[in-house]
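So this first bit is one chain, no partners, the form predicted on its own, shown in structure tokens.
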Amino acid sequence: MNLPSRLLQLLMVVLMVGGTSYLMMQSLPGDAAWRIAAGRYGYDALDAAAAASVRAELGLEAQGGLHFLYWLGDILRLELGTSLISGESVWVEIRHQLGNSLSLAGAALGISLLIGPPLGLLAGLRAGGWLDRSLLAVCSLLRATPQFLLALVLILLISVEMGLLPAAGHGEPQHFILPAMTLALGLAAVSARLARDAMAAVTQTAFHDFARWKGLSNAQTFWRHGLRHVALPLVTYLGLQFVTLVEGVVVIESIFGWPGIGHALVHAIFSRDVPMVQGTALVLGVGFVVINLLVDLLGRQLDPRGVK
């Protein structure tokens, strides 16, 4: 674990995310003033005068690369600027939206951990059995299904046909279920296969056979000798799951009308709200670095071999 290298990695993430999102927003076709005016006043009140007012207020024609330099100056002061649409601080807006996204991601992650690893462990203990083969087929199907398609299938079956759950919304416990299940099924499919492979490998080791030869039961052998070996790849995969969750929330929040950071990012892109896009992408990028750091620390605790 090298703290200076981690800090350098964090600095590179800030510069790359900020620069890339700025360049991508500047390269979008169309007049940014019209988009921003539409976001502020609505399409019914949009006209040339409103767009000209926005252009003059924000100095869009004269900015060039100055906006990016202003943004870097804000970053040095731990500020993310002000939203071009709402006029609110980007920090304030992201804090509110990030809370909604984290609650949804936490629910999805919890459901996936309840489904995937237990099934994978059972399949790994009896590799080649009916559960192993059935789990392989289901996991392959779930991994091959895009999340937006899975979301639409769940909405049609559970909301439209059965009428059991709302198709969209926010604020009630039942609003969590469909978006969280959509995210969780894909995550559970991968974690189940990882747990299955790790458990099957453990059952082939000499220490597992020796533990069984000593008279330990399957459960005792797993808790005393197998859990640590199975946990390491699962914990490592939890860090990768953050990337999957970030990709998923952008799509899932838009489909289910969930007021999270992914939903806000899509609206900010359509409205050319550059400070919101840069701030949202930056928070997600920094979150990825922090999650990887925590995964590394936990991995060292589970497997201290090689630590100097």
Partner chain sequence: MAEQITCWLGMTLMVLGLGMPQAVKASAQSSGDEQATSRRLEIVAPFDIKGADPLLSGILFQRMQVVETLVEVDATGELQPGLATVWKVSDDGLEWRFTLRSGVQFHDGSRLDAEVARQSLEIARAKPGILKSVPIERIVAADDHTLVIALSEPFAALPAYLADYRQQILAPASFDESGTAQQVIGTGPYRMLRMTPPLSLEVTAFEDYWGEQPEVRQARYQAVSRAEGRALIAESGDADFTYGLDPASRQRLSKSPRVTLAAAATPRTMLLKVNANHPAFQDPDVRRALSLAIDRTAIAQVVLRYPRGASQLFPPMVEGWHDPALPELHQDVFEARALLDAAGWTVGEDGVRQKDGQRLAISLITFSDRPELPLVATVLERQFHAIGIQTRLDITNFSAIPAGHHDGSLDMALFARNLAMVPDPIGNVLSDYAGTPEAPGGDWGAMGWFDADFTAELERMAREGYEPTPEGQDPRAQASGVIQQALPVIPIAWYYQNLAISHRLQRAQVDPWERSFGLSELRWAP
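If you're wondering where the values come from, they're calculated on a predicted model, not measured in any experiment. Positions refer to the first chain, counted from 1.
Beyond the structure shown, there is the form predicted in complex with its partner chain, which is absent from this document and is the topic of what follows.
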{"property": "Exercise: His67 in contact with its partner chain in the predicted bound form, heavy atom 4.5 Å", "result": "no"}
{"property": "4.5 Å heavy atom contact, Gln204 to its partner chain in the predicted bound form", "result": "no"}
{"property": "Contact flag, His170 vs its partner chain in the predicted bound form, heavy atom cut 4.5 Å", "result": "yes"}
{"property": "Any non-hydrogen atom of Phe148 within 4.5 angstroms of its partner chain in the predicted bound form", "result": "yes"}
{"property": "Among 188 to 196, 120 to 128, 72 to 80, 138 to 146, the region lying within 4.5 Å of its partner chain in the predicted bound form by heavy atom distance", "result": "120 to 128"}
{"property": "Val283, Val246, Ile255, Val277 - the one with a heavy atom within 4.5 Å of its partner chain in the predicted bound form", "result": "Ile255"}
